[in-house]
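Okay, so here's just one chain, in structure tokens, the form predicted on its own.
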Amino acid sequence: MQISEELIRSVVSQVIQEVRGGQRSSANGQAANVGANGQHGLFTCAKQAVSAARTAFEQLRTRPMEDRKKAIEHIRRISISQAVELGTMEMNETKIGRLDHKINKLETLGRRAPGTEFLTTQAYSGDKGLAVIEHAPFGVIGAITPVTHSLPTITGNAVSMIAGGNAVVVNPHPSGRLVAAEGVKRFNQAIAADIGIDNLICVITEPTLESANSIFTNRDVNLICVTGGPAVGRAALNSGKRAIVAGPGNPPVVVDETADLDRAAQCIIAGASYDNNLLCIAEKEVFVVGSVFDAMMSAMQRAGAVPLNSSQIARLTDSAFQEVGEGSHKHLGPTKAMLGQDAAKLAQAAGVTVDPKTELLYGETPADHPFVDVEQMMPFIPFVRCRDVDHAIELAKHYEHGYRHTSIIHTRDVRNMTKMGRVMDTTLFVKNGPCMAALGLGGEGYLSFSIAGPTGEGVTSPLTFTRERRCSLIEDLWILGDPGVK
């Protein structure tokens, strides 16, 4: 089944220029040489990559679980021990986000990404025999990854997918292709040297519209996993294959009159400034009950954020947004010049000079402002004055756009928590903490950078990438019953 040409073109409409004439230098400024020779997961041809991944999968499926553990342990080890080098490469190539957080993401994934321990077996036994339910691999998984977390998304997915017994072929964002290739090469070299299987993770070193289509439609690709915006999600869902879609988010924050305002301010700054607001779960807009609005704004300034007035916000808005997409999909989006940039650069665009160490800018806007409506992915947060908590939740529901991705509330009132949780119905719901806590960074739980809201899998794990298989033995191995009964 072929994917709609309009959908495919919308997936790459903003990046295809970079593929044709864009970046061709490595992180250290030298000419790129990723060695796409069909070894260690590096391929220029999507069809060859899928074939190599199929061979790797067929080898892995004959091996014991211990070999899966060894493979993912190498990914974990490299992610931790080489986080500074690889994180720096990603920062230099993509030029968005913050270096310390690029490093932190790789280190944390190395420690917290879930592995084979998730693959528990269920058993039912009784008079009629024994039934065992196990988790089997899909086979070869085709993946699309974003520029916002190029290697981290590949890293987290690879751990979960290989733990589930699969191989994966990745079509990375063109602006993050070099670090994706370098990371994948290192992973495969270590895995092959240990267990003798190469190409468990394959990456397209020159990703294009055509290579994405080739992966989506290849009959040897059994499952698709995409992490990105609505266009790539639509393309995956129209591919004719089972798809796991981690789509866009525009996470709202509600602050009610009972909240600890200083704590709320610290949490909003920590979450909204993390990697310069590139996280899809990050705080994007804040709706505050009017009776504490001015006090909340003061708490933000005490916590270190820098306020902008209305004229400064207007200047920043002119630099921050542009029309993107085509036809019916035309909409406002963040400009490349501002996306993921430091707060100091945004301040300069607003006509303000701030300390280079400033993490976050903020200011009051109307509810229909572009910074509220658009998933802007930059460290400026709009604050909207609301009549009461019901009004705040109503606006949060509207401007989350029905993605059901992430929502956050700061309150001491459990009933308000309950009310918002029911109304928002989001995959992640955070109370009295920064967004990252929902992924185990300061909260409980495991870590993944693929959060499948549109297709319902939630925060992905090895179980996400497996099929349930039931093996039944009839009228035997029920050893607790009457020995005289057959």
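None of these values were measured; they are calculated from a predicted model. Position 1 is the first residue in the sequence shown; the rest follow in order.
From this point on, the text means the form predicted together with a small molecule, which you will not see here.
S.K.: Can you check whether Asp260 is within 4.5 Å of the small molecule in the predicted bound form, heavy atom basis?
M.R.: Flag for Asp260 set to no.
S.K.: If you check in the predicted bound form, is Gly340 within 4.5 Å of the small molecule, heavy atoms only?
M.R.: Result no; Gly340 lies far from the small molecule in the predicted bound form.
S.K.: With the partner left out here, check for me: in the predicted bound form, does some heavy atom of Ala246 sit within 4.5 Å of the small molecule?
M.R.: Output for Ala246 is yes: heavy atoms within 4.5 Å of the small molecule.
S.K.: Taking heavy atoms only, is Val374 within 4.5 angstroms of the small molecule in the predicted bound form?
M.R.: Outside the cut-off, so no.
S.K.: If contact means any heavy atom within 4.5 Å, which of 360-368, 128-136, 205-213, 73-81 contacts the small molecule in the predicted bound form?
M.R.: Contact-bearing stretch, as computed: 205-213.
S.K.: Just to be sure I understand the contacts: of Leu106, Val159, Ala305, Ala235, which is the one whose heavy atoms reach within 4.5 angstroms of the small molecule in the predicted bound form?
M.R.: Flagged contact: Ala235.
S.K.: So which of Gly87, Pro174, Gly165, Gly115 reaches within 4.5 angstroms of the small molecule in the predicted bound form, heavy atom to heavy atom?
M.R.: Spelling it out, the residue with a heavy atom inside the cut-off is Pro174.
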